[in-house]
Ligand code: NDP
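First comes one chain, alone, set out as structure tokens in the form predicted alone.
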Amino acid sequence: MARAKSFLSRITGSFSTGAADNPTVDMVEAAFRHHGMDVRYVNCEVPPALLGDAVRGARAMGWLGFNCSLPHKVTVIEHLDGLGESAAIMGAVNCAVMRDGKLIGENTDGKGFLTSLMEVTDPKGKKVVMFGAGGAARAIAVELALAGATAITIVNRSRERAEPLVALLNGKTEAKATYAPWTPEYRMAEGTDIVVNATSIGLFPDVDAKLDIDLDTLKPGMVVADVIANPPVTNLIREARARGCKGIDGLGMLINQGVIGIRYWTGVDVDPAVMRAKLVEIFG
């Protein structure tokens, strides 16, 4: 049996089985099979108290690296040997990579989003409105700032949750970040170039949930992106495209972070179309 070389500490307190629980496993495994790579992606249940043991086990067994999800993204840092630039800024890791005998923490979530965005527009010099202030928002905002976005407005119902992200962006990047309260039927300001939904609003099974925004302030030419991959086309993307905006679905972010992670671990640039096809098969 081939030795497992990458793992996902995805589950906290329950066991993950099959595509319905973790489509990332199927997506990455599909890429490995397509390219004939002798690498496996193994889904592991790792309770927070045993995270250090899991990382030491990965080292001992010579794994190429691993992903980790909440609640491990911050606490895993104490078990690693160093951090990449954006991971150091945001203080969160979702991908560890073995480099020259050292485990280096990276964050591929924001990089995956940025890759999808760059297929449509370059964020350099752009003004961004982002809904949400959680982990996805933090990863995306940092990458947008590092890529040259000049202004990032963080729209969130909780000022207390948004202000640390605003402070981080203003203190560690060149972008100018501001907080805006999420008022009913929030209106995009004139001059907004990019709108990002970094919340879970519209995620399956609550597919009918809608962002509380004034849709008429989505103007032709704006880029509107959603981090939600299931369903691939959310209400926000459907409404934005109907108004002449360029819509970016969440599949791109999920796929590209997988492509980047595999490149980090193996040096191979896998075909994203294979991964997209697997996700479409899973999500329908």
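What you see is a predicted model; the values in this text were computed from it and never measured. Position 1 is the first residue in the sequence shown; the rest follow in order.
One more form of this protein, predicted in complex with this ligand, exists but is not displayed; see below.
Q: For the three residues Gly65, Val97 and Ile262, which mark the spot I'm curious about, does each lie within 4.5 Å of this ligand in the predicted complex through at least one heavy atom?
A: No.
Q: Can you pick the stretch from 187 to 195, 76 to 84, 149 to 157, 117 to 125 whose heavy atoms fall within 4.5 Å of this ligand in the predicted complex?
A: Comparing against this ligand in the predicted complex, the contact stretch is 149 to 157.
Q: Any chance Gly91 has a heavy atom within 4.5 Å of this ligand in the predicted complex?
A: Gly91: no contact with this ligand in the predicted complex.
Q: I'd like to know whether Ala136 contacts this ligand in the predicted complex, with contact meaning heavy atoms within 4.5 angstroms.
A: Although this ligand is absent here, Ala136 would touch it in the predicted complex, with heavy atoms inside 4.5 Å.
Q: State yes or no: in the predicted complex, is some non-hydrogen atom of Asn170 no more than 4.5 angstroms from a non-hydrogen atom of this ligand?
A: Answer no; every heavy atom of Asn170 is more than 4.5 Å from this ligand in the predicted complex.
Q: So, Val207 and this ligand: in the predicted complex, are they within 4.5 Å at any heavy atom pair?
A: Flag for Val207 set to no.
Q: Ok, Met222, Ala30, Val46, Leu254: which has a heavy atom sitting within 4.5 Å of this ligand in the predicted complex?
A: Among Met222, Ala30, Val46, Leu254, a heavy atom within 4.5 Å of this ligand in the predicted complex occurs only for Leu254.
Q: Even though the chain is shown alone, can you say which residues of 79 to 112 have a heavy atom within 4.5 Å of this ligand in the predicted complex?
A: Sequence-ordered list has one entry, Asp109.
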